[in-house]
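There is one chain below, alone, in structure tokens, taken in the form predicted alone.
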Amino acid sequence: MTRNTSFSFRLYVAGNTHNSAQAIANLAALCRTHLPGRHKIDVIDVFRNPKRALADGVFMTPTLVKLAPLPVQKIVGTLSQTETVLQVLGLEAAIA
């Protein structure tokens, strides 16, 4: 993975709940800080699009899915522990 690698994320949330808002804010901050100009974030509200969440195997929110680069990886929660999120999603090498 190089410093030019582009990242694609899909964040599943449940409406305007506190946890959903926190996950959106934390992901945006993480990307601004560690992946500036190298990321795309799609936010999917499971209340508005439940079939999409079920088809993608998402049963809890908030759930973050890293779609690209491969491998696809998932993490559940508000994404408040940045170092853990970076490690679980394999992003450490991208920011080193």
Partner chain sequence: MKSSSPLRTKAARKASTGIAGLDEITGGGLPRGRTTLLVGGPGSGKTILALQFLAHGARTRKESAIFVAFEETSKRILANAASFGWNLTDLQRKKKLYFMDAQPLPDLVRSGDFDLGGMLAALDAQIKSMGARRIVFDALDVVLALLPDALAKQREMYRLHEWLLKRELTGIITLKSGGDETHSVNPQPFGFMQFMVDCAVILNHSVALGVSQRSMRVQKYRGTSFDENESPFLIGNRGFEVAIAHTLSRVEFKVNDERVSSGVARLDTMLGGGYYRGASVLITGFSGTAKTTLSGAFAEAACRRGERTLFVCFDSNSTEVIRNLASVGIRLDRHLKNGRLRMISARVITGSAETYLVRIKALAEEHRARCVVIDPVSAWSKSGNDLTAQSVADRLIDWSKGDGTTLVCTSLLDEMSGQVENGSPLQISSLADTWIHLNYLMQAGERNRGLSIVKSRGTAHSNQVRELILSDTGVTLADTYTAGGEVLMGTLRWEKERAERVAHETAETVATLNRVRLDAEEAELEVRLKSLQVELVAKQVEKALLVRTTQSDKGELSRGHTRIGELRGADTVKPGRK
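Positions refer to the first chain, counted from 1. Only a predicted model underlies this, so the values are computations on that prediction, with no experimental measurement involved.
FYI, the form predicted together with the partner chain isn't displayed, but the following is about it.
Novice: Contact with the partner chain in the predicted bound form for Pro69, defined as at least one heavy atom pair within 4.5 Å: yes or no?
Specialist: Contact with the partner chain, no.
Novice: Closest heavy atom of Val88 to the partner chain in the predicted bound form, within 4.5 Å or not?
Specialist: Contact with the partner chain, yes.
Novice: With heavy atoms only and a cut-off of 4.5 Å, decide whether Lys51 touches the partner chain in the predicted bound form.
Specialist: Residue-level check for Lys51: yes, a contact with the partner chain.
Novice: Although the partner chain is absent from this view, report whether Val43 comes within 4.5 Å of it in the predicted bound form, heavy atoms only.
Specialist: Contact check for Val43: no, nothing within 4.5 Å of the partner chain in the predicted bound form.
Novice: Taking the partner chain in the predicted bound form, which residues along 43 to 62 bring a heavy atom to within 4.5 Å of it?
Specialist: Residues within 4.5 Å: Val46, Phe47, Pro50, Lys51, Ala53, Leu54, Val58, Phe59, Met60, Thr61, Pro62.
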